[in-house]
Ligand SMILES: NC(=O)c1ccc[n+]([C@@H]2O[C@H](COP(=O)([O-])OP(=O)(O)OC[C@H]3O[C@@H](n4cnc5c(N)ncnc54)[C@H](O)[C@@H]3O)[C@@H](O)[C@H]2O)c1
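Let's start with one chain on its own, the form predicted alone, as structure tokens.
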Amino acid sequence: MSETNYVFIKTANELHTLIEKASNAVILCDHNTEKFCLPLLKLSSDIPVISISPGELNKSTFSLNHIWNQLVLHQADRNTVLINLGGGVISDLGGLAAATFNRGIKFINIPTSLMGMVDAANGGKTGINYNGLKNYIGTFTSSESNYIWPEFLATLPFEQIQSGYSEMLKHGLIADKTYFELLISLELTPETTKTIDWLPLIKKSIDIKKAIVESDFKESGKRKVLNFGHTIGHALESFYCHSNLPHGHFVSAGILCETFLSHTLGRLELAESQKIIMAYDKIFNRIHFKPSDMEAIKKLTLKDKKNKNQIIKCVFLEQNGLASIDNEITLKDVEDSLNFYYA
């Protein structure tokens, strides 16, 4: 495993210089980051740009094929560096395109969303969705570098800030109670996002995930704790794949459900579970689904990548700041948690 080099950027000029130094570079972005983020860098016009439609639905074989075709048209070779300028969709998709083109070329992530900065661009997971299933095709391939520039956050709507914040809260819940307590003390609102000092928080989340990933790059053990909230969260996200709701909102729903199960199945004290649930409810609106959708959502948990022999595996909280992996739950448990969430 090659380790990603993290560079924390202070100015647009610094980022401009780093990109211009990358020889034989091609930039991948979506139509939003092409419009709002790429102009901030004032790059020379001779760097080729590949642009795709934004959104989770475009993390697909169709988009992957389009990127390969564009790389060929731009005469990319094994010395080309693909620069992924965007959120989690771009880093996942671009990473997979780079990992497979010419049997692997280097890539650099420049995350423009909070989710990308603290989570999606870190850890070497690349992938696309397949037949409505989340991240079913992909590789473990580390980026050459990640350039982190918090100024991009000013281009985001509040729901995208919330999305990344959900993963930051998760990092605290599974590894650092003090960090979680700090985050919930900040009173996240559309107004406070402009005054929060994001860089130390982003660095903290990166450090937590980096330490976990370095101990278990291919997710055979400890790295699975990062999936807290994702067993049920991914099922909801797969079912509502045509919605415009960002990934982190489904993770927050999954975290409430899996916190509920952590308590009802005997792992987490009631007072701790209530505090976590109240903290999330203060930041996120609950996702409303129809009771008639319950069976379909339950069945999607059977497709989760963490499962083994059709047994649903889930991450539980033992306490705030400590999680356990490979806990077995039933479809009835999933239903109970969704009924709690929906109530």
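Counting begins at 1, following the sequence as shown. All figures in this text were calculated on a predicted structure; none of them were measured in a lab.
FYI, the form predicted together with the ligand isn't displayed, but the following is about it.
Judged by heavy atoms and a 4.5 Å cut-off, are P54, G87 and S163 together in contact with the ligand in the model of the complex?
Heavy-atom distance to the ligand in the model of the complex: all three under 4.5 Å.
Have a look at L236, L256, M115, I83 for me and say which one sits with a heavy atom within 4.5 Å of the ligand in the model of the complex.
Exactly one listed residue reaches within 4.5 Å, namely M115.
Find the only residue in T141, S273, S145, N135 having a heavy atom within 4.5 Å of the ligand in the model of the complex.
Result of the distance check: N135.
Which one of these stretches, 54 to 62, 41 to 49, 280 to 288, 300 to 308, sits within 4.5 Å of the ligand in the model of the complex when only heavy atoms are counted?
Only one stretch passes the 4.5 Å heavy-atom test: 54 to 62.
Taking the ligand as it sits in the model of the complex, is S243 in contact with it (heavy atom to heavy atom, 4.5 Å or less)?
Close contact is absent here: in the model of the complex, S243 is far from the ligand, nothing within 4.5 Å, heavy atoms only.
For A120, is any heavy atom within 4.5 Å of the ligand in the model of the complex, or not?
So A120 counts as contacting the ligand.
In the model of the complex, does I208 have a heavy atom within 4.5 Å of the ligand?
Looking in the model of the complex, residue contacts with the ligand do not include I208, since no heavy atom lies within 4.5 Å.
Using the partner position in the model of the complex, report whether F152 sits within 4.5 Å of the ligand, counting heavy atoms only.
Judged by the heavy-atom cut-off of 4.5 Å, F152 is in contact with the ligand in the model of the complex.
Which residues within 16 to 45 place at least one heavy atom within 4.5 Å of the ligand in the model of the complex?
The stretch 16 to 45, when checked against the ligand in the model of the complex, contributes D30, N32, T33, F36, C37 at the 4.5 Å heavy-atom cut-off.
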